[in-house]
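As a starting point, one isolated chain is supplied in structure tokens, in the form predicted on its own.
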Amino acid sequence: MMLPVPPAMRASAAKSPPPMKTVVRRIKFESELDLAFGERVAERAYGQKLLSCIQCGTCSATCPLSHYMDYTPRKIIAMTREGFKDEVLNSLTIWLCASCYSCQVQCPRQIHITDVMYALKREAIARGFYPAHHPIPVLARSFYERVFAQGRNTESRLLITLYLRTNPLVMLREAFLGFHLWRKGRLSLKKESIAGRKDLRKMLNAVEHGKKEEPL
């Protein structure tokens, strides 16, 4: 004789099993690391002082945005030096850096931490390792495109391009502020340009071709 199944157990049995969670391995073997990555970053960040970091944490303590970062500046330095290339280039930290140079000024080893962040940003942009529609790399590309085309940057047109490429709803939300600035003469829709645009493009193209930087 079979015992009756309680209603609560029948209801739980009728439900589909919960979906399996993806297991992410957080530990890497030394053979999986790029051990020369730190040296290459140090060369592009003006010197080998990156390798002399004592991990005191002063950079993280002075950074005003460290609370919002997935890895603090101290951890980014350590991971860069130890060869965690993919984790560093895919981190949100390098995009949150405000270039305030507070970490660099306070660093007891005088490491150019802000320049390290710039080097990592350039490499991440070159490889496409940044969140989709993230405003900072989009802003950098849009700014360069406008300077390359016109020789000057028009702030209002740059903001419109940024919002259209990232989140148009933000442009609607900021429309009243933009109108107020335009009415006060603080924001202009007029396209600004210089006379020697062709010469500037030749110079920028020469700089780009002269770089010939190998991937990090």
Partner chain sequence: MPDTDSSHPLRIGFYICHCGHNIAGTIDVASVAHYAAALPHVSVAREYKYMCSDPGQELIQKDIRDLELNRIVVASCSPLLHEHTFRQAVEKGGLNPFFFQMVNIREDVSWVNDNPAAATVKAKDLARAAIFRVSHHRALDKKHVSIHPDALVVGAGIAGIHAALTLANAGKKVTLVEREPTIGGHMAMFDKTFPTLDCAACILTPKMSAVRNHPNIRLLSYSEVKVVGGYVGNYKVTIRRKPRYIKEELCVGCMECIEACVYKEGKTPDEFNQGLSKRKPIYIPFPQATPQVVVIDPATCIEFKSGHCKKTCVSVCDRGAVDFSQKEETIDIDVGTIILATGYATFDPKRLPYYGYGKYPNVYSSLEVERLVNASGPTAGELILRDGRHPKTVGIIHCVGSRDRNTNRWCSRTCCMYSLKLAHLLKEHTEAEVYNFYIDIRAAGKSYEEFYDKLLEENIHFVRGRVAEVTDWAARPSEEGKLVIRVEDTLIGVVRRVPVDMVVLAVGMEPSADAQDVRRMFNISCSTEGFFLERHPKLAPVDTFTDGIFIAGACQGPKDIPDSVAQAGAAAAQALTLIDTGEVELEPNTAYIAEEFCSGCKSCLGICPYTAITRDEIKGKAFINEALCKGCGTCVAACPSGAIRQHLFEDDQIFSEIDGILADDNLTTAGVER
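Residue numbers count along the first chain shown, from 1. Keep in mind that this is a model prediction, so the values were computed, not measured.
Just so you know, the form predicted together with its partner chain exists too; it's not on screen, but the next bit is about it.
Although the partner is absent here, K49 sits close enough that one of its heavy atoms falls within 4.5 Å of its partner chain in the model of the complex. Under a 4.5 angstroms non-hydrogen atom cutoff, its partner chain in the model of the complex has H67 among its neighbouring residues. Heavy atoms of G57 reach within 4.5 Å of its partner chain in the model of the complex, making it an interface residue. Residue contact check for R127: none of its heavy atoms lie within 4.5 Å of its partner chain in the model of the complex. For the partner-free chain shown, T72, R74, K75 of 69-99 come within 4.5 angstroms of its partner chain in the model of the complex, judged by any non-hydrogen atom.
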